[in-house]
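Included below are structure tokens for two forms of one protein chain, each presented in isolation as structure 1 and structure 2.
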Structure 1
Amino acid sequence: MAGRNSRHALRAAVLGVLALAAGPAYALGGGGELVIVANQEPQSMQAQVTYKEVNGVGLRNVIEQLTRLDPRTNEVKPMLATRWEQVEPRVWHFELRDGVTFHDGTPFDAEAAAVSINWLWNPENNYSVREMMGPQITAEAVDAATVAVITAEPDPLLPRRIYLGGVTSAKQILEDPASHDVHPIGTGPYVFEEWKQGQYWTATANPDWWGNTAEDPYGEIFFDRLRIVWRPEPIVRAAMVESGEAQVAMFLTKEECGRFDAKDGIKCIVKGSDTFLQFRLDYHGAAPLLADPRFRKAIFTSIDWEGIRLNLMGLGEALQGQMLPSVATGFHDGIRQYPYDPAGARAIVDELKAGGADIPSVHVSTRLGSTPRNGEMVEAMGAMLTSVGIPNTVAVEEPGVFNPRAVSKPTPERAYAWLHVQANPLMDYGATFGAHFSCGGIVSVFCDPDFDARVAEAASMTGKERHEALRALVKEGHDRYVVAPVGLLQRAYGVPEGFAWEFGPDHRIVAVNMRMN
């Protein structure tokens, strides 16, 4: 009861401060400013950040892609490309929309598209979007209105995969690439205005957006301005909608949603997503004992995954011992979540100690604001590891601390685990393996060349053959204790009554799909 009272007191204090600071509310229903309160600040304003909404909330309002996903059917639909065709096993032609210009006034054509694609997927730039790449991607202009996208090996997922890559100004890339990190220049319905780091970023409606006159726009401009602010605490994000300072509060807890739905004037929107929560433990190249399957089994079975999902994660769906749901290509219906067996885990640890093994201390971390209650989850994990004799530390870390280690490879002195969110809009295990089970994966700590070769072979297949090849690899990854899935996230948003928003399982924050009725 004391904890509940303290939360109520904190909420009242937050609302009081916001009421003083917010000033007059924006007039909704006929434009005005749309304010989104996100869970964290963008990592950068690079076009590649659009592949993962959580790392660059709202950036797709400025930067567009060749293709998009329909929010109702999840089918690949036209965006900057109007149609596409696989002309050779490794070559796709994308016909581009006519009359589109970047926000700097330069034309969007095949040359510009090729420059942007080559910059985005370049191995020298090594942007994190490459974790979703599959075979290496390059591009070249065929004519003014057609760009060829070439893959090192056949890639049947390319039209869907290319939806992850933002298309940005070729002039900026060629003449002022440093500004690409902080000042996005795209073709979208909103023109970037200012990024006041640590506080907000803003954009204004684009009167020259191609969607204003096209027959097939993916939305309609309703709001005149867009402002993205960030607050890591769900309680503060919720309070900003309650006070009228924001229209959308991202990633509320189950409890905040229940409170919203019980009050007049505000509501909670909850929807399943393509984003899963995972526990990833250092593997190859790390502290030697982490490559021992017995020790990995001890760690994975010492944690009550289902209890964490139900009692702390709250808004989430069970995953069947793997990172994607049953609709995914490669899903294996014969495996289950790792069992909670603390007695068995303790027995393994005692056996390893008796054999002279030095049990390393495992550092379990999560990123501030990445998902509700992640701090409570790592604390629970730490307590469970301690109970079976595995020393550990736990931390909720700022992005500047968490991110560099998350993308660095292990060293023999390191024993690191993360609890973090990952998305797979492709719903295909080929992408999951490329990101998390490969020697070259940006965030991967697993490296088995033979496994890589079998993944590459499966990735070139289609249909049932692809499904069965990936399915076998899913089972192998599960048996080797590579990653523990926690759950498939449901995302919750607090909004005012009358706020309409159409979005799909990728949960893109796109203002032209929002309006106030």
Structure 2
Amino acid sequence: MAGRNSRHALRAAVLGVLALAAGPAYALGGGGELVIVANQEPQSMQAQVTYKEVNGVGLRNVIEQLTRLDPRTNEVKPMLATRWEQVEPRVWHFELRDGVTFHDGTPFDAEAAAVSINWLWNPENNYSVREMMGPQITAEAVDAATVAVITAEPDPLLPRRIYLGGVTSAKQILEDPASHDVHPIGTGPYVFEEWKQGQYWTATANPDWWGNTAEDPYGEIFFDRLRIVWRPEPIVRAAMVESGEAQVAMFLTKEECGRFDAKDGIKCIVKGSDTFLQFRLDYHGAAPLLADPRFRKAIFTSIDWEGIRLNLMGLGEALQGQMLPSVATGFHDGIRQYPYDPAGARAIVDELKAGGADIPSVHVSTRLGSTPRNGEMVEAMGAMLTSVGIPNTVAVEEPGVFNPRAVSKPTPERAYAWLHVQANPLMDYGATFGAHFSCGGIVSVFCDPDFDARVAEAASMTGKERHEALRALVKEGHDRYVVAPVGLLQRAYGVPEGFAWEFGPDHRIVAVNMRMN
């Protein structure tokens, strides 16, 4: 690998010369261009896209939020807001950082923040970020430096929840909303430059970023430029880091990761995420048998969840028969992953058949590229269902087919299961239930008004009380065979040796937390 090392040396030398020639425009930077290779192109550059990392990789470098999560402790920390307090059960006041301007030069003040927040959570806009919303959020300016965020019902999680909403230029929202889709104007350490569709998007370091001078920045600018490219082929992503064309390759497989670690010059960074892989079986299928708990049990116990996690999911941790790990509010330590019991499942199916029931065919789908090897996983699930006598079809669907369905509300026509990733950065079952288990939830799989009422009740509680109320609901959900968690994903990144990157379970690709040693 002498060739590569010398090439890198040359590259560093050239960059060094270039940096000297250009002269630093500001004190920080000098790290050259950072190239990140993602698995898919952003579908848009809206502020709302920042709530999921995979849909708009790198957008968090341009758009900031009121709060942030500490990479080490996962606690809520100040970002554009310096302080916040709950002034009433439904009202939170956020005190805004002084002297921050948007990239278009307009000042970041309470008025601008209110416009941005209202825009993001507006039911009219119906952005998918609403899957993460509890009670409806609205905002208004209190004074120049204070914005009030109001929720329809009391929401103890609000400071954490508000971390999901990117803040962008109010001027743009009001005057040129169309460009909001393709041209993000935030306050972040990097200024959006251009999005060349099909190729890349780029940003340059922001000399006027507030973090350059603030006492509590969440990082420092090392790289001068940011370039995000995308390649659907995992091998191409990996190869780009190996050949020095990119510094961060997203979502390596476990085996690739091992190979990266074994090789000189490159390494693999693995870290647990807040994203879990789940299997959901709709509760409102056209076939009445799908509502029969016995049949649902047969489905859930015919699949070898641990086998799939260990052999196919790759990097990840086990989940105890529920969606969130033990740190989450509402975690139930008394339940276990659904057991693999093909004999028992077959017995149930045979019994149902003997009783004259018509076994419906189950369609198991997953989205192209949502996580490595999801195609293999649904194929294995299909074969396992077949082996206990449950007819099925499996499919890896393009986003255009899968996405509209994934955000649909339960309808009687729905009689399918899907395997998909879900993030829950809030680590609280209140949010999870709101999205997945409520009749009005944007990605809901389950609808029981009685269950909804108890979720709403628990959501307004805090502390131990909240935990206990949610815990009971978790157990109930488990016993009704709604969602089978496959595992908590770990994400792996290929990087050059000497690349340092500090990030939390939300896996935000934030350049100011990266540097090259």
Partner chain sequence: MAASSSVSRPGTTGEERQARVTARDLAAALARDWVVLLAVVFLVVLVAAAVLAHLLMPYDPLLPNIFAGRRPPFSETRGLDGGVQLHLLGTDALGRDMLTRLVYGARASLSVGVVAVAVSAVIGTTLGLFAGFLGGRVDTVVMRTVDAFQAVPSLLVALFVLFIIGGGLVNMVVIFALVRWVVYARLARGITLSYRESSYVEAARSIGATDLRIIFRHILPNMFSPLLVLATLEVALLILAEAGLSFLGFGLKPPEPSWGLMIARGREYLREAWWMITFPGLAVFLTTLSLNLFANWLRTITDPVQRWRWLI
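When a residue number appears, read it as a position in the sequence of structure 1, where counting begins at 1. Quick caveat, the model's predicted, so the values are computed rather than measured. Take the two forms, find the largest set of C-alpha atoms that superpose within 1.5 Å, and that set is the rigid core.
Structure 1 is taken from the form predicted on its own, while structure 2 is not. Remark: with the core as the superposition reference, the CA shift of R83 between structures 1 and 2 stays below 2 Å. Fitting the two forms on the rigid core leaves the C-alpha of D358 displaced by at least 2 angstroms between structures 1 and 2. Taking 2 Å as the criterion, F295 counts as shifted between structures 1 and 2: its C-alpha moves by at least this amount when the rigid core is aligned. For G344, the CA shift between structures 1 and 2 after superposing the rigid core equals 3.0 Å.
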